[in-house]
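Given as structure tokens, the chain that follows is alone and in the form predicted on its own.
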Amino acid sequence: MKRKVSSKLIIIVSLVAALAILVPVISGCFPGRPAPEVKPIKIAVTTGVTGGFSAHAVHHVRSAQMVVEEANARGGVLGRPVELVIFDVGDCSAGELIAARDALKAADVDVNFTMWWISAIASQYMLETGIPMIQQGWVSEDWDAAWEVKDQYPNFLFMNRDELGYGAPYFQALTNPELIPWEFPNKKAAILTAEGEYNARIAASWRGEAEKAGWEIILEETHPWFTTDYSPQMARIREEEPAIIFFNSSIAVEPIAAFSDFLEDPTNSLFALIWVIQQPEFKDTFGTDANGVIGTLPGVDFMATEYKGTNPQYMTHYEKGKAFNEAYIARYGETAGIAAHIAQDAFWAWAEAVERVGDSRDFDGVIKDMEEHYYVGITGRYGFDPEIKAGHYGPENIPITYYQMQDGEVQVMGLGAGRDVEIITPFQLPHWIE
């Protein structure tokens, strides 16, 4: 998806008053002389405002605007106002990345937040600025690219190891009898995967765990982005009747098309998606017809589900998430996407580190502090492993959330990791299974 460099590459969103914020003049000192201007702390958000993931980027940008407003209402960071600068990288073409990199460096920001759809090559462009980069998701191809230059550009962290939650742990959860108490009719699975290295690695991990457990993969096929005809794949699925259909894509139009075809003559199969189950397009298309569809997300997002458990950390995630969701809906009239939740956690984890270090320009010190302290936020308990530059996974750190469509809504079935899961909402047998 190549496109011209946006003429609106840099969008300045100043949440500081139009007039300079002034330090109060000490009574009796230099009467009538204006007080010195307080230099704001600048944070950047680099995302695809006009690209193929713009529907997700809007949540990223909105959340950043909200978090900066909240920070300023609290008195700023280190007593200084916070200013937000947004950089659009579109679809990450070379021209867009070069322009974004140069504009980012010229803006003299204190930190750069990016989202998971920023590609591996885009991450390296951003690291070349020397500005700390906190990427709000992680996939192994991004980590591979960043790790190669970690000694040259050490000031980066990834919020979580994104694809790990969609691979082996996902298969483990689907076959965990505590989470899904269903007697499988067979040990067959079909894997339908969108193109791209990210999806390929998810599929490989999921398949490897399935094969290790003695399952047969009766169909594994990769399709181009935005495919809407799955009739050949569904014909094979109806012939083999696998117990699990794993649809591995993050573009809503694809599972919508595939599930529509599946419902015309469904098999006794679990229909499992990745995080696309959260996208409102899927729920809005099917309503209660999607009851029984399963999905997952690395990280916590309770959505509309009420937490009634006893885990104090999960209660913290729930309470923070509920408060943010209510504020987001009140402001924008719709539910926040997961990009918005992670943007909140990324900022506050960074801001708390800056407050402890005492200097937003001590890049090494701030990154080191984030590696040494935990931050409990909406989506996880974040402590960053200096060896892999990413948040620790696991039930007590960044748990994996397992969802199911029930009564036309996305409900959290469980939180944990694979076999170690706390049940939140009991599994419901899909309506199409006899």
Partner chain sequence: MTVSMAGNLLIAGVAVGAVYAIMGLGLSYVYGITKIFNYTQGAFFTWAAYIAWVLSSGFFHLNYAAAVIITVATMFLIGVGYEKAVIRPLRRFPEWQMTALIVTLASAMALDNLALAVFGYAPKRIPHLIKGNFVWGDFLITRHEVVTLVAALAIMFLLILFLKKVREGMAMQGMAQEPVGARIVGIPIDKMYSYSFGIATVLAGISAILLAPKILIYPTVGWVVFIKAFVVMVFGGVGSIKGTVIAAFILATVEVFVTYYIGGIWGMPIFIAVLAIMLIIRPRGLFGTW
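No experiment lies behind these values; they were computed from the predicted model shown. Positions refer to the first chain, counted from 1.
The form predicted in complex with its partner chain exists for this protein as well; it is not shown, and the discussion that follows is about that form.
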{"query": "Heavy atom of residue 191 within 4.5 Å of its partner chain in the predicted bound form", "finding": "no"}
{"query": "Exercise: residue 55 in contact with its partner chain in the predicted bound form, heavy atom 4.5 Å", "finding": "yes"}
{"query": "Residue 233, heavy atom within 4.5 angstroms of its partner chain in the predicted bound form", "finding": "yes"}
{"query": "Contact label in the predicted bound form: residue 265 to its partner chain, heavy atom within 4.5 Å", "finding": "yes"}
{"query": "Listed range touching its partner chain, judged in the predicted bound form by heavy atoms within 4.5 Å, from 214 to 222, 358 to 366, 341 to 349, 73 to 81", "finding": "214 to 222"}
{"query": "Sole residue of 260, 291, 186, 316 within 4.5 Å of its partner chain in the predicted bound form, by heavy atom", "finding": "260"}
{"query": "Listed residue (326, 108, 229, 151) with a non-hydrogen atom within 4.5 angstroms of its partner chain in the predicted bound form", "finding": "229"}
{"query": "Within 4.5 Å of its partner chain in the predicted bound form, all of 195, 281 and 285 (non-hydrogen atom)", "finding": "yes"}
